[in-house]
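Okay, so here's just one chain, in structure tokens, the form predicted alone.
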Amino acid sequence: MRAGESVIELAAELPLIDHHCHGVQTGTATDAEVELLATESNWPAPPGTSVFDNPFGITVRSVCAPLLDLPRHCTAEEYLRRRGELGGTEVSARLLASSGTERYLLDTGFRASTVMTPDEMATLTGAATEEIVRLEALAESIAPGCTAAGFASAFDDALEAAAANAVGVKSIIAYRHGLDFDPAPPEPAQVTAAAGRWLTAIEAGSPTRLADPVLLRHLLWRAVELRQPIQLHVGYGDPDIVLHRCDPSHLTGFAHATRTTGARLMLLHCYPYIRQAAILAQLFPHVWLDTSSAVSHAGPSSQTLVRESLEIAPMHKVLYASDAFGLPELYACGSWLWRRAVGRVLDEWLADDLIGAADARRYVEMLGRGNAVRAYGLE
């Protein structure tokens, strides 16, 4: 660190690796779309209210407004009007550039037709962009024409092909079932029977949405064999979740079962179970965590979340992520809030002489990019 430099200043300049995010929306979002993308809810704010009075919306009007040539703390109406004037491409270019992100790892398995591909994100931002394969979406893509007996083999082929061009995979078993699943891999006969039930239901007109716990476990264990990072949604998310079943402490058995496999378990979001995730990251050598989307949606209070993630987890096990989807404000605010929080926490440690200047610099670099380089093999 330079003489007199604070950790906040150092954090503000650091190029980040966003290890978990999605593509930004293509085209220009309507005001109603912006309001929905700014929350994890599936439904608009009640009449007479706006998500711009949520913690995230407050941050947008503070942090993003000047980037769009508006005064800080402008009204929601002023912000949306200016957004429409500039158009989606210009807004996205400005806000993503402000995030200071040098590399994006994109989960491409959610509403892929509405957001930019990795190549499109790379073109827009000039940043390296890699793919994370969503297991459930991959399985759903091969369901048409698949037989129960052939499902396991067909998924293996699809996973091998997809993983060849990706740096990791992701499971949303927390959404589809919960983290309180049987940690053992299912037997082949169980997989075939479960695939038969699922495919029969699809043929009868049911959605292809994969929620069978046996098949979800099978996908997860096939991913373990790749010896790559496996991202796992934890805690806070959209209304599909049953929150108490997304507590990462339910993963203890799975962590034991996978400890020596070479797989890495990347716990995402983690709110309100940040401390539970941090305990697992301390206890198990292959468990990591971030606070991603929870930081953006906590807005002014996000420093509390980042502080919790650093209470007990080793510094080499915590990563930066935005979990931004669609809305470029999520990338900009996620970065700004995280830098502010990490800088303030480490500045306190530095002022209390708990760390030295060399450690402060090293920790900021580890948290913002170095840990992701090591976890995903991005050298």
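Numbers follow the displayed sequence, beginning with 1. Note that the coordinates shown come from a computational prediction; the quantities given were computed from them, not determined experimentally.
Form predicted in complex with another copy of the chain: not shown, discussed below.
- For the chain shown alone, A32 is not a contact residue for another copy of the chain in the predicted complex, no non-hydrogen atom being within 4.5 angstroms.
- In the predicted complex, another copy of the chain stays beyond 4.5 Å of every heavy atom belonging to R209.
- Although the partner is absent here, D238 sits close enough that one of its heavy atoms falls within 4.5 Å of another copy of the chain in the predicted complex.
- Interface residue remark: V242 is counted as part of the site for another copy of the chain in the predicted complex, having a heavy atom within 4.5 Å.
- Using a 4.5 Å heavy atom cutoff, N54, I58 and E308 all lie near another copy of the chain in the predicted complex.
- Considering another copy of the chain in the predicted complex, the lone stretch of 110 to 118, 88 to 96, 269 to 277, 181 to 189 in range is 269 to 277 [heavy atom distance within 4.5 Å].
- Note on the partner interface in the predicted complex: the residue among R83, H218, H250, R176 having a heavy atom within 4.5 angstroms of another copy of the chain is H250.
- For the stretch 327 to 357, the set of residues having any non-hydrogen atom within 4.5 angstroms of another copy of the chain in the predicted complex comprises W336, R340, R344, W349, D352, D353, L354, I355, G356, in sequence order.
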